[in-house]
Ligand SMILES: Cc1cc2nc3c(=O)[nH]c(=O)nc-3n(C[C@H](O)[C@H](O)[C@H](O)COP(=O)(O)OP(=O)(O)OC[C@H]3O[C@@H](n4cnc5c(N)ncnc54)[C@H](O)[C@@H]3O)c2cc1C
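Before any questions on how it binds or moves, here is one chain, the form predicted alone, in structure tokens.
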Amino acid sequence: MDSCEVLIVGGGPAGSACAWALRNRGCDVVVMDKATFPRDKVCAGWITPAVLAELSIDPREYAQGRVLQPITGFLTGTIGGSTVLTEYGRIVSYGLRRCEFDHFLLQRCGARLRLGEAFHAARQESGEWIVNDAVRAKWLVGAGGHFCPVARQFSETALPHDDPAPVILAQEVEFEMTGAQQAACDVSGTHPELYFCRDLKGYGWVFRKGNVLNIGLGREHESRLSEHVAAFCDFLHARGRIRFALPTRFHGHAYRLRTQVPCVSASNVLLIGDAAGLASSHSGEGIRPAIESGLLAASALIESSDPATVVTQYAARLQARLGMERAETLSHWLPSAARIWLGQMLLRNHWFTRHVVLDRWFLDTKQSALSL
């Protein structure tokens, strides 16, 4: 039977970041994932420079042979309404491909990998976890995303039907454009486009990363998501942003907005990333919270051998760093009766767009890179 100090279930950014930080301090770590890497991951795919700093990644090194699209501004507005162009004059974010980014992080984390192996069950024996009757570990870290099997087995808050936290459902497509398609695409790589739905319960996006295009839309608790996605694509065609037929198959995914510190019902178990429901309540962005939660979990595991202390420290640091607050999307922030009219007015305002929508909600510019 294989044995380790920490078994991380999920090889995405949260799990890889946690494994990387633990391995840097000499911990014996195994990462288990049902997928083999590189693998496709449904995600708009953008990170701020703070994420690269937190992981000690040189952007020039990463960009060798991989997509890393500098972003220096945004085009924002409402679907069917007017738009606002915001220029920063410097790099404020990067577009990337998750198939490349996740593979890169997993390869550099230094952990032993058990890929193509799904988590089935865990039981405790002599104070340790036995997973799949194949791996023995003192600590079990759930990093398997919204449908993480560890969270499903042990979390007190991850019940899919009873969970009070807002769930965002999204559909998107990412593909490499042909030369003709690139010529028929007016979306700029340096300026991603964000369009809020008229009822402000979600937004669509168009990101160009060199010859790669990503289009998607996400909404809260939406049963007619496909209709909204189709209408958004029609809008992009009508505006002349994209002048070619899009792939008909969009891929779906889901995630919870953060509202509380994740709690588990078993000892020696931690949840990180989307398994803990940590996506930004403002923008739905999940890569940075995932990575930071992985780093915070690692620091708590490194600093103490007492399970109660580890859980307490992790929860406190997660609360302090991410601020587990009631979800605050634009539709929550505005009075319901006036939100459409007032929201469209605000989204036409350059100051509000830059300092609230972009700086605060999407870029989180006031939060410096996490340093442990």
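Residue numbers here begin at 1 and follow the sequence given. All values derive from a computational prediction rather than experimental measurement.
Below: the form predicted together with this ligand, not depicted.
Trainee: Tell me which stretch of 175-183, 230-238, 110-118, 73-81 has a heavy atom within 4.5 angstroms of this ligand in the predicted complex.
Mentor: Heavy-atom contact with the partner occurs in 110-118.
Trainee: Taking this ligand as it sits in the predicted complex, is Phe101 near enough to touch it, meaning that at least one heavy atom pair lies within 4.5 angstroms?
Mentor: It does not: once this ligand is placed as it appears in the predicted complex, Phe101 has no heavy atom within 4.5 Å of it.
Trainee: Hey, in the predicted complex, does Gly204 get a heavy atom within 4.5 angstroms of this ligand?
Mentor: No, no contact at 4.5 Å.
Trainee: Counting only non-hydrogen atoms and a 4.5 angstroms cut-off, does His253 reach this ligand in the predicted complex?
Mentor: Close contact exists here: in the predicted complex, His253 approaches this ligand to within 4.5 Å, heavy atoms only.
Trainee: Check whether Leu296 has any heavy atom within 4.5 Å of a heavy atom of this ligand in the predicted complex, and answer yes or no.
Mentor: No - in the predicted complex, heavy atoms of Leu296 and this ligand never come within 4.5 Å of each other.
Trainee: Looking at Leu346, Leu52, Cys27, Ala35, which has any heavy atom no more than 4.5 Å from this ligand in the predicted complex?
Mentor: Answer to the contact question: Ala35.
Trainee: Note that this ligand is not shown here; using its position in the predicted complex, name the residues of 26-58 with a heavy atom within 4.5 Å of it, in sequence order.
Mentor: Stretch hits, in order: Met32, Asp33, Lys34, Ala35, Phe37, Arg39, Lys41, Val42, Cys43, Ala44, Gly45, Trp46.
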